[in-house]
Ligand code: SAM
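To begin, one chain is listed below as structure tokens, in the form predicted on its own.
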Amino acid sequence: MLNKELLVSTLAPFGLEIDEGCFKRLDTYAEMLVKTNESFNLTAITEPDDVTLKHFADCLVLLKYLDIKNGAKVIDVGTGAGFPGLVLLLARPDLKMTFLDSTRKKLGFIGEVLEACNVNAELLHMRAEEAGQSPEYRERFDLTTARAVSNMTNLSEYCLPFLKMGGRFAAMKSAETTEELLQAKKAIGLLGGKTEKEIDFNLTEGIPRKIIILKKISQTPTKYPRPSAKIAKNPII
């Protein structure tokens, strides 16, 4: 399913390599993704080269820009079909990963992939704003990830509450998000974060991408995250 040569050549300029065991796990995931997608919509991207580039290589590039310690606690918010969290976990099975999504069927798919690859993780069927207020999950994680979920203002409210002090939130975005980040500046500060890095790169020619990394520098006020209706109706501006 995955184009191994394309994956290797795309990752090489970023100084990233994957061993045979990692590739087999990722390839199993890709095959299950496309097969499951025939009966349950998980992704609009199904062609092997597109899946290789736009899903798998794209997520793996996070490992270039994030120094993730061994055994780090990571939560992938709004994980959907498992991007980027499941790709990261299959490349780094040492991670203590939590997959958060409000759709049980998507978590069921992730569970099937984990079983097929003999990798363990927590599947959390909750809304992000509920989990972010739960003592079990609030300010418990070293890293929060999210990909194509919402704008940075609302994403920050959903994702920053999960982080321990000094933890990081990595938002995977398209290239055109500079204005979005400026608009989110107040929210990021209010929620206890600061923008640490904005990384612009070309995944390959014609595919510009951006990773925004926020660092947790103070506790998130207890009123946040608010219910999703309030977040949507009255964003922090």
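Because the structure is a prediction, the values reported are computed rather than measured. Position 1 is the first residue in the sequence shown; the rest follow in order.
Here the subject shifts to the form predicted together with the ligand, a form of this protein not shown in this document.
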Classify residue 167 as contacting or not contacting the ligand in the predicted bound form by the rule of any non-hydrogen atom within 4.5 angstroms, answering yes or no. no
Is residue 127 one of the residues lying within 4.5 Å of the ligand in the predicted bound form, judged by heavy atom distances? yes
Are any of the heavy atoms in residue 83 no more than 4.5 Å from a heavy atom of the ligand in the predicted bound form? yes
Touches the ligand in the predicted bound form: residue 134 (any heavy atom, 4.5 Å): no
In the predicted bound form, which of 67-75, 134-142, 98-106, 113-121 comes within 4.5 Å of the ligand (heavy atoms)? 98-106
Sequence-ordered residues of 182-199 touching the ligand in the predicted bound form, heavy atom within 4.5 Å: none
